[in-house]
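In structure tokens, the next block holds one chain alone, the form predicted alone.
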């Protein structure tokens, strides 16, 4: 733990020398080696230290040894340089940090797990409220669970699964619960139990004005946080979720096909589309085209069904191999999908929601041709539907895309120093995004953002955007909580 008193004093001095103290209390920047200025600086430090002296938050700058560690995010391609990191201990600390940022006239970004693809959870020259210490899990009555926003999914599963309970969430183990929930949150169990945000029943929330709210029932902020809360109105310090009984098994069937050309890739995709949306709610499926290699994953956790058998039967003769496994240890099974655990260089973004193959038929040949001819590009389509499409969930959340059956994404990865490869990947990435846009595929998943999306407001939030704007105006009137694609009041 940081030596809070020494570090605070060092940070305050750094801020004054950088000119921040001028905005806070009207002091002037001291001249080097001027004894009077030095004496005045020490007095200013005392005044500011007294003003922000607290056990609820620690302020760090790049002069602090912990700064670089806290400023490092999962996507190394989008690293940013905030002026201050506010490491908070609780809701009171969040409130103090917001008010401190407002006094300094700094924009605020919010980091829980740090997996924002475009690093909207950081900024350049502003304040980042870092929630790393808010990662606790507390069991409540009736199998409800209170979870801190920085709790990682692997930590959540480690706590819930041994108690025979589960929360529908994502599969990447190092994603934070906060960002996942606020943008929607889907995964293997969402078609049965709804999105992560659909299972949110209460929250402690600090708005952009610094006010702490205890949210429950039909509060308009809780509606907004269920799918529209990523760095828009304030900061969540805790979520309360309902949980579900753990399934008795988690089984999969995996298909492989290699050396694909455009024609065969299209046949496989069209066949998969024909059957995948008919799967029962306990099933999930993903179509993952990586260059010329295809993987189709199907998971289920209840009884096998005719619809599942139909998809398997349709894919088996046109793929190169198929493997299946029944896992009775759910925890070990999920760990197979935790993914890369350390920061890497990549570009990942939503590639649109679809209902049927017809939604992409106008451009899919060009898309597939580009992917199979560019090793390193990945085009993935995942099943939605089931409980995600529930009108009951829809009325209680700002997640705008309930009516679709599929969600797609583009991915590409490279290593440090591979600038030419990176530039080529990003060029082809943008080309494919434009193909989908011109085809009319405009709806996008907020948790898979891209700085290049046109009309991003309606793409993420659909018809809910005007209501979210009114909430923004009410709870963050000065637009303190903001990033490149945050809601505009």
Ligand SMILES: Cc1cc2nc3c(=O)[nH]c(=O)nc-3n(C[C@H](O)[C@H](O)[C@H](O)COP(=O)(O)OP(=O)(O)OC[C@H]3O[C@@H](n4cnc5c(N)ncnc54)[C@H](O)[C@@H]3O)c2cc1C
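Numbering follows the first chain given and starts at 1. From a predicted model like this one, the values you see are computed outputs, not experimental measurements.
The form predicted together with the named molecule exists for this protein as well; it is not shown, and the discussion that follows is about that form.
- Contact between residue 115 and the named molecule in the predicted bound form is found at the 4.5 Å heavy atom cutoff.
- With a 4.5 Å cutoff on heavy atoms, residue 273 does not count as touching the named molecule in the predicted bound form; it lies far away.
- Using a 4.5 angstroms threshold between heavy atoms, residue 110 counts as touching the named molecule in the predicted bound form.
- When contacts are judged by a 4.5 Å heavy atom cut-off, residue 445 counts as touching the named molecule in the predicted bound form.
- With the partner removed from view, the residue among 235, 388, 197, 97 that has a non-hydrogen atom within 4.5 Å of the named molecule in the predicted bound form turns out to be 235.
- Residues of just one listed stretch (175-183, 273-281, 356-364, 323-331) have heavy atoms within 4.5 Å of the named molecule in the predicted bound form: 175-183.
- Using a 4.5 Å cut-off on any heavy atom, the residues of 220-235 that reach the named molecule in the predicted bound form are, in sequence order, 229, 230, 231, 234, 235.
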